[in-house]
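One chain comes next, on its own, written out as structure tokens in the form predicted alone.
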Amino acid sequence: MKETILPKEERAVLAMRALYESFGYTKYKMSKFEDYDLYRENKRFLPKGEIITFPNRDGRLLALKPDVTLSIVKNAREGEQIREYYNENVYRTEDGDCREIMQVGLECIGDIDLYSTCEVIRLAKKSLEILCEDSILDISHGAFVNGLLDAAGLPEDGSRRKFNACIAGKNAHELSELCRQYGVDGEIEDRLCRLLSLYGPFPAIAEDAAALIINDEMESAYQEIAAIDGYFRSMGEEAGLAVDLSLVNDMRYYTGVLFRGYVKGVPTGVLSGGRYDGLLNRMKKDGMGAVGFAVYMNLLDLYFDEGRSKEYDIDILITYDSGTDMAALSRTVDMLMGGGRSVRVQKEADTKLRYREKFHYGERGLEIRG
């Protein structure tokens, strides 16, 4: 029997599932739909875009799920320890278009200590390594940046989003302009601008980061980053780990340590995660913490296709005559599929189809046509 070769993407998903299960995480499975109220009440924790809704027959408004984490948190009960992973499609709107996006991720909910946090970060790092040997995981802490913005006297309003956007974009010029616009003290402005350049292994930036500390909030964040780095160094797994204190992600969602993962050949982060206790507090899950991450598989399409989808729809196109021996044609197709190549057979050529090679199967067998 011919061995079936799974696509690279499917192999990666299966490997991640096996990884999570080996650490005792159980699979979470949810419906495509949730009550719209769940998302309406927690909209600030969702990605930008409209929620796709429709009325149910009983009059309730349902929504195609734009997020998995909210559903897992909704079902969490005080005193429980939840360790769940998922591979689910979520539905979001981007530029007015509805999109189906596959996510693989996990959530750790309950009494979250340093070990729990390090384990989730470790699983995020191992997930990246499954996707690509050449990967890197950047770590930051929301309280470090917030501590500086607190010292700047900024209110919890739209001004912080402007500052975070400049910090995330490492835009020192616009950051200085904002500081002058909001009357930020010159010393705080200097510390904010110096923060933009802090990137690399923790020992390489530790002294410069410590020099920025101005309050207990920043000190606590610094010590947690140091402890996480110390954990990975004690495990001998510090390679591929970096600290980027300008990484702010969505500060409405993440309230503590946060991280983002990159793989070679993809220009944007493909993994995002962190501590999100604020969501549990809002949903009245008192005394519980949470940390998790998601891998955005849609961002890996070209990577998994090794760049071919840019140029070709398929590898080989075969056309054939009316009297062709169908069994012989099928055996030829099986032979050409070796090595993971895609082969499409149709009677007439399609001028819109992009292919690497074209053949015609006739009375004399297989002939090259282009």
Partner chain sequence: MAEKLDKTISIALPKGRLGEKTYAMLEELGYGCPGVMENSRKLIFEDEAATVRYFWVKPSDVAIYVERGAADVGVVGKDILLEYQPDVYELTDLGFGKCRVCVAGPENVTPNPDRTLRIATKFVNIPKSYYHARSREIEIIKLNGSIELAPILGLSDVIVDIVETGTTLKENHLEVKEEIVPISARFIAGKAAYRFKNDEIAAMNAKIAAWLASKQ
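These numbers come from a predicted model, not from an experiment. Residue numbers count along the first chain shown, from 1.
Below, we turn to the form predicted together with the partner chain, even though it does not appear here.
Only one listed stretch (195-203, 284-292, 68-76, 151-159) carries heavy atoms within 4.5 Å of the partner chain in the predicted complex, and that stretch is 195-203. Contact annotation: of the candidates 268, 234, 81, 223, the single residue with a non-hydrogen atom within 4.5 angstroms of the partner chain in the predicted complex is 268. Distance criterion of 4.5 Å from any heavy atom to the partner chain in the predicted complex singles out 135 from the list 117, 255, 135, 164. For residue 174, a non-hydrogen atom is located within 4.5 Å of the partner chain in the predicted complex, even though that partner is not displayed. Using a 4.5 Å cutoff between non-hydrogen atoms, residue 263 counts as a contact of the partner chain in the predicted complex. Shown alone here, residue 122 lies farther than 4.5 Å from the partner chain in the predicted complex, counting heavy atoms only.
Of the heavy atoms in residue 168, some are within 4.5 Å of the partner chain in the predicted complex.
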